[in-house]
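Structure 1 and structure 2 below are two forms of the same protein chain, each written out on its own as structure tokens.
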Structure 1
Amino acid sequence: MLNTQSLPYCPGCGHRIANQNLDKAILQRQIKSLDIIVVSDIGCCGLIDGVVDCHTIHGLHGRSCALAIGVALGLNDETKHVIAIQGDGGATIGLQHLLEAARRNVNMTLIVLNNLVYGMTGGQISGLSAERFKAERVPEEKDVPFFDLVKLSYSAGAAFSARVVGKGKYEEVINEAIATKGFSMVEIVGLCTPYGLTKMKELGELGYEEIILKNERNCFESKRIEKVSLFEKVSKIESQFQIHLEKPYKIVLAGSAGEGIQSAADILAKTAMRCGLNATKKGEYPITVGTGFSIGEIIWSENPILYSGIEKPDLVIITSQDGYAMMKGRYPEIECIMIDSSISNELVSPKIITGDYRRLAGGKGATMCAIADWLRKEKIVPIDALIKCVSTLKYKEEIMKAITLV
């Protein structure tokens, strides 16, 4: 895999030994260069790109593991070996990606070159720096433990998690990692001569345990599944009733979340479509979809509807206190208001109809009950169009009951 023995690292750098061990492991496994994709990170570890003859992709600081997940899932090919390489700084900022690769057991290898420091920016400590190392440099941090990547990786579900203290020969561990089906992670603790540890013997004195942990699991695959068109999943509505509307008719439903306001708005829009009209339906609700107000805005029109907002409603149906609170001051003029008798109304309109909708149909049926009452009284479209619309619904019984109560 290496295309040169002249590697671009400082004398004594742990990355040099790591590159050589990786190269030997690949030679042992006789993997062809174009079956290897090295995904490299920012930092000295990213210099590997230039010295390998395989595919390379060089991304952002801390993201090589995530990028490698995308490459591995995109290839979805057992003959290809995706090897991400990052430093201890990258592993700290991108810890989530390691956990995600491990929990999905993505078929790839992550090599973390832990030299205890951010080499490129002048030797700052990282989340993988040992306490004893920090005690001398940043005493305030000496009691903060390092992330044990091996245990994290293992407990998140990785097939193979290992740490080596990178003094010399460890190609067998890398070999086993690469041979693993699923996610393999090898942390290699090494020297950074200008900023980190300078002597091999110090490496063994910091409390990094050489360890291999394994999980027997299937790897995650991104299987391709062909699916049907989204347009086939929506019902097509035939026009069955002929009606004439002088001008667009604008309806606002105001009630409480969880009381079927959006479904009622849907039914009203489809009722108009059964009458050959154009319709729009807009919903408004707070972020919590199960509490608070819920508003549905519906426009019916013979002509195409260019603008779907409502400034002057022809009809506002209010079936709960939540909905009423939202209607206060919202519109300067309303042609007609239908309101539940449980609400003490101060809104003004030339026409106000009060009904016992909540008492008759309960909170969930009140709006449909009021809609049926309005259609029977005002006959803007035939009530049969509404009934026809409801009859096609999956859960129609309750709604059908609500629209026959008045």
Structure 2
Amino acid sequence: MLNTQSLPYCPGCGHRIANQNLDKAILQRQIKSLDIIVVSDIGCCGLIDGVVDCHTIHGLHGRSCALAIGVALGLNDETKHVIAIQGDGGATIGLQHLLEAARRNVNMTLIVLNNLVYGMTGGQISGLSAERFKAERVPEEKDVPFFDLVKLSYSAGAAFSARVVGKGKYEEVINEAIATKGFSMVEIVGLCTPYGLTKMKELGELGYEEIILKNERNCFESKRIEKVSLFEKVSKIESQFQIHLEKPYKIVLAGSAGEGIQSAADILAKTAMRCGLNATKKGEYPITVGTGFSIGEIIWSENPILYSGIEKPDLVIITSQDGYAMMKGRYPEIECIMIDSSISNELVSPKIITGDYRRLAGGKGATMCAIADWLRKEKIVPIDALIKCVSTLKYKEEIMKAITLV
């Protein structure tokens, strides 16, 4: 399963040994790479994504077990092996997910790499840090017990719960965990040489018990229920115009939050659909939502669109300084740039069009004003298709005014 022996961990890191033992267990079981789904977590444990040849999903901190539950129940296939990997920090944050997977006895394996600290953020203690280890670092925590994951997992109903102190070979324990039908949890206690312990002897003195506990119970199986697709409730956009595109056309709208960038991107996608094209739309904006930049990415194509990312835009429309700041250095090549005349531009493109869009239509109407100007100049799709799309909207009067100003 490992595609390299040059693993991205610090010298002496316990994660390296854990990865190698997992690889040996996979080889012993002769599991094909495409039958393995590794769901990783935030932290050093998540570095496994780039060194394994199998399906991978990278989750939010503490959520890899929850994601893996969804994958396992969705697949509902005994020939597939779902393996979640998280650190002691992620296990602390997502403890309820572990308990839920154990309670239901979901058919998956969770490997917890416990190096006693949040290694990627500087060595803070976690809920799995032993009392003796904490005593010198955080004295007020010295009498606070750590979560015994093995006993918690077993008590919640897991089919297989184990702990190993990660020295040398323990692939047989991982092998048995993967072979077990139902939920398996293996806690691997190991070293973190920069922030945790650096010697196995020290680790052995902390009192972590190597143990295996088993429950004999049926594995949880999901049942598929046929329901009416949610898409049945979505109004279909009928094709009313016919155009031909020689290749996919990729558009980026860049402006400020609250100025209708995402709405404009939606309108462009629906305009393409009215022309019989396939379309995708992606939005990007900061967590503040109402302030800062806003970016919309739209792709038009006569053929199905299998990847919605844009690396080389055919058109970038920039209507605010926030949007311009986000475009600087974002794309090595841009075929055409349309930019508001109020912005001092240093971006390079074979074709640059400037317009007084903000002055004419204000901040909220500038992007739609620029889109209409572009369609009238370039005639990629009929302007009537855009007008038809806008005519169906709730706030059509304001938008219609913006697109008729140029």
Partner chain sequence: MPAVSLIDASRIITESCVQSGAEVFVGYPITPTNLVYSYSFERFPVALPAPDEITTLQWMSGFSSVGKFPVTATSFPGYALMLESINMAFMMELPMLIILSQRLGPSTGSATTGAQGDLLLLRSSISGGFPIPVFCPSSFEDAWFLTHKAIETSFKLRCPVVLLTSKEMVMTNKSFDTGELVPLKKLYWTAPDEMEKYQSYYTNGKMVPDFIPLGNNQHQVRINASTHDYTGLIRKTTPAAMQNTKRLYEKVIQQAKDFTFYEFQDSDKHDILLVSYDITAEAVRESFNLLHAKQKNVSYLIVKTLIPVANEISEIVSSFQKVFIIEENLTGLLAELYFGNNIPKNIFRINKIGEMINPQEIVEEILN
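Numbering runs along the sequence of structure 1, starting at 1. Definition used throughout: the rigid core is the maximal C-alpha set that superposes within 1.5 Å between two forms. No experiment lies behind these values; they were computed from the predicted model shown.
When you get a sec, tell me if the form predicted in complex with the partner chain is 1 or 2.
The form predicted in complex with the partner chain is the one given as structure 1; the other form is structure 2.
Please indicate which of Val228, Ser263, Ile243, Ala135 marks the hinge of the motion between structures 1 and 2, where one rigid part turns against the other.
Hinge located at Val228.
Rotational displacement of the smaller rigid part between structures 1 and 2, which moves against the larger, in degrees
Relative rotation between the rigid parts: 110 degrees.
In Å, how large is the CA movement of Gly283 between structures 1 and 2 relative to the superposed rigid core?
Rounded to one decimal, the shift is 38.5 Å.
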